[in-house]
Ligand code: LER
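Let's start with one chain on its own, the form predicted alone, as structure tokens.
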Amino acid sequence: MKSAITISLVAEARGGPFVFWDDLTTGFAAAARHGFDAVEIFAPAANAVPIGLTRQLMERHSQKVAALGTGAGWLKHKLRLTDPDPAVRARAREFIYGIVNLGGYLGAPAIIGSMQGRWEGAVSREQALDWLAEELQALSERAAAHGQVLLYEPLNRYETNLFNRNADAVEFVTARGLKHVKLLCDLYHMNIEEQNPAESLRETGALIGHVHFADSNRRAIGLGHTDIGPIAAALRDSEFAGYLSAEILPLPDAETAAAQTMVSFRKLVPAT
């Protein structure tokens, strides 16, 4: 398993669960200083991430880009894949295509989280899931063309009513034949929705594509009440070799949050 930490470039996300902010150069340097293997980038749009500079920073600090968030499509532009308006769904798809293409240049998968939307009003759950499957199919095929998977994230009940639990998302991905989609398993959301997070990860198994490494209070692991030992054992048993990425609140401050995350990560994955 490898370590990653978040950098947000989205002004509208201020106060959200991202450790470093506003500047890629500073964020990469901070991540390297704390010993992280990679960064996860939350950008307002694909063209807000300069490819040349990002590659230079990756080389300078011997780091990867672990993943690219698409949540600004909802937060900033109010785009979602299950919107009743087909024009909005089309714009959402194009926004994510841009992030997927960016990931192709940087060797990173894109994340579908808040842009999945929800079913409500005149839109039935069945219709919303049909739209979601159609969009995930198209987006994941684009990702596969770049040699990447697409990461789909079940969220807690307060953020979506589509899929809140890993097992339900696994069933959906499998039944719809979404072979280039894997799950992003966020420990914060799982603390709300899963009866037994470790067992949920074991059952998800090979479909785990990425993990958000966050404690029960969305602070760094070790600053809440999550029992991380069984979770780490489940990930090892599932042969998960991807990123544990700190999508967490920068509390009490960014430097402390990063340092605490690395302390917790090193307890689970000793340096070699």
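The numbering used is simple: start at 1 and walk along the sequence shown. Keep in mind that what you see is a predicted model, and the values were worked out from it rather than measured.
One more form of this protein should be noted, the form predicted in complex with ligand LER, which is absent from this view; the next part is about it.
Residue 114 is the only one of 148, 114, 82, 200 with a heavy atom lying within 4.5 Å of ligand LER in the model of the complex. Residue 159 is the only one of 193, 134, 159, 168 with a heavy atom lying within 4.5 Å of ligand LER in the model of the complex. Shown alone, this chain has one stretch from 139 to 147, 119 to 127, 181 to 189, 87 to 95 that lies within 4.5 Å of ligand LER in the model of the complex by heavy atoms: 181 to 189. When contacts are judged by a 4.5 Å heavy atom cut-off, residue 102 does not count as touching ligand LER in the model of the complex. Of the heavy atoms in residue 155, some are within 4.5 Å of ligand LER in the model of the complex. Looking at residue 34, you'd find every heavy atom of it more than 4.5 angstroms from ligand LER in the model of the complex.
Residue contact check for residue 218: one or more of its heavy atoms lie within 4.5 Å of ligand LER in the model of the complex.
If you take 231 to 260 and check each residue for a heavy atom within 4.5 Å of ligand LER in the model of the complex, you get just 247.
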